[in-house]
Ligand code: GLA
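In the block that follows, a single chain appears as structure tokens, in the form predicted on its own.
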């Protein structure tokens, strides 16, 4: 299986934690199919930790919690597939999952076969309770081999949090995406921290092995399992823009059954999603950087356009505004090229004119601007 673009979907953890059930998954599948989310590209519905019993059966197989999922996982999988979606589940490379349920350590091949039997399309594979004497690289390689030989195509999402030099070895394990950071929570400080970690990690991103910056908190509003303080709609747009531009998988973490209009507009902006899902899958690059918090990222797109994201991550109390200069030369377009660009504002979804030298952007704190630059001959 080759994953040509970052995967997209919904995951239960951020809002619901252990409070998951067959009813919740059925209702979420209904909304994904009916709200336009599926058509926008969100096609994986993933059940995170806490779905199983605390013990394996007498054959060493994982068993769904009979209270939460009384009809078993095959029925859940069939329902999700019936909505035109793909079905994802969770396990862990250690002896236990992060919440204390059975992990897949030394059960990799039987668990992969079980997931295939249930019709699983996506596996999030965590890193808790790893025996100290074990090599994490080999644990992820073993599950990668198990999935590759289970008889079903299953997307392998390695969730090792970037620990134990993950960037250096994850590309050889069979993982299609890998968690490059620790866990996100619903706060501006968490979003900013994870974004800053990508300065050093972007060189390790590639097609078929994407840097996963963790699930989206867009629309959580301070509620749920990792709710914490919440963010403004503007901060959520900045969060979504960064994840999209930096090629992160886009997995919604809010309760989509109660999405606000602002949340829906952020998550379903087709022009931002198109930047994330660009078929070339090229590595983003830093166009300009002013200090630690003000940065412009660029990405060369498949059709020859350039995606540009300008971000002001400063705290509003200390620096309420910033000005960012983007010379076309920093995009590779020196004056000698004879080229200008037509800019399109991807959040306003409108063309804003021709730039032939320097683009000056003024941004309030915690905000961003996203553009698509189309090359034209200089007049």
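What you see is a predicted model; the values in this text were computed from it and never measured. Positions refer to the first chain, counted from 1.
Another form, the form predicted in complex with the ligand, is not on view; read the next lines as being about it.
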Heavy atom distance at most 4.5 Å to the ligand in the model of the complex, all of 271, 306 and 375: no
Per-stretch contact check against the ligand in the model of the complex, the hit in 246 to 254, 197 to 205, 283 to 291, 93 to 101 (non-hydrogen atom, 4.5 angstroms): 93 to 101
One residue of 299, 86, 179, 237 in contact with the ligand, assessed in the model of the complex (non-hydrogen atom, 4.5 angstroms): 179
Listed residue that, although the ligand is not shown, lies within 4.5 Å of it in the model of the complex (heavy atoms), from 159, 73, 154, 267: 159
Any non-hydrogen atom of residue 371 within 4.5 angstroms of the ligand in the model of the complex: no
Exercise: residue 215 in contact with the ligand in the model of the complex, heavy atom 4.5 Å: yes
Close approach of residue 126 to the ligand in the model of the complex, 4.5 Å, heavy atom: yes
Partner proximity in the model of the complex: residue 78 to the ligand, non-hydrogen atom cutoff 4.5 Å: no
Residues from 22 to 49 in contact with the ligand (non-hydrogen atom within 4.5 Å) in the model of the complex: 48, 49
